[in-house]
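The data below hold one chain only, encoded as structure tokens and taken in the form predicted on its own.
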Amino acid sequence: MLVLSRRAGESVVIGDDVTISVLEVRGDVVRIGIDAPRSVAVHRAELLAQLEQSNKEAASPSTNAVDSLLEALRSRNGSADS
């Protein structure tokens, strides 16, 4: 990871068309501005991690849900045999 020190009003340029500017520093909060083409996805890291976790949970049903579905299928198959 590249680590840089910047002051308010200074910028960092990434590639040919992404510029990150430090707009304000107040206490432990830094406001930044990102100038990038619409084709470049910009996300807050914590929201991206939360979305990834939600997707994993949605794709992996709980053991109770699987057991309940298995029981329902067994019950359905049992009633079809009689």
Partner chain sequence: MIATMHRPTRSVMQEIPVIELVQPMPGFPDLARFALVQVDDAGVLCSLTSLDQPGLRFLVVPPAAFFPDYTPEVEEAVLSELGSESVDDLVVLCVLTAGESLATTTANLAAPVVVDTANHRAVQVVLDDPALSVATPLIA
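Positions refer to the first chain, counted from 1. These numbers were taken from a predicted model, which means no experiment stands behind them.
The same protein also has a form predicted together with its partner chain, omitted here; what follows describes it.
At a distance threshold of 4.5 angstroms between non-hydrogen atoms, Val29 is out of contact with its partner chain in the predicted bound form. Shown alone here, Leu23 lies farther than 4.5 Å from its partner chain in the predicted bound form, counting heavy atoms only.
Taking the partner from elsewhere, Val13 is found to have every heavy atom lying beyond 4.5 Å of its partner chain in the predicted bound form. The closest non-hydrogen atom of Arg76 lies within 4.5 Å of its partner chain in the predicted bound form. Along 29 to 68, a non-hydrogen atom within 4.5 Å of its partner chain in the predicted bound form is carried by Arg38, Val42, His43, Arg44, Leu47, Leu48, Gln50, Leu51, Glu52, Ser54, Asn55, Lys56, Glu57, Ala58, Ala59, Ser60, Pro61, Ala65, Val66, Ser68, in order along the sequence. Pairwise change in the predicted bound form: Gln50 and Leu69 C-alpha atoms lie closer than in the shown form, at least 3 Å.
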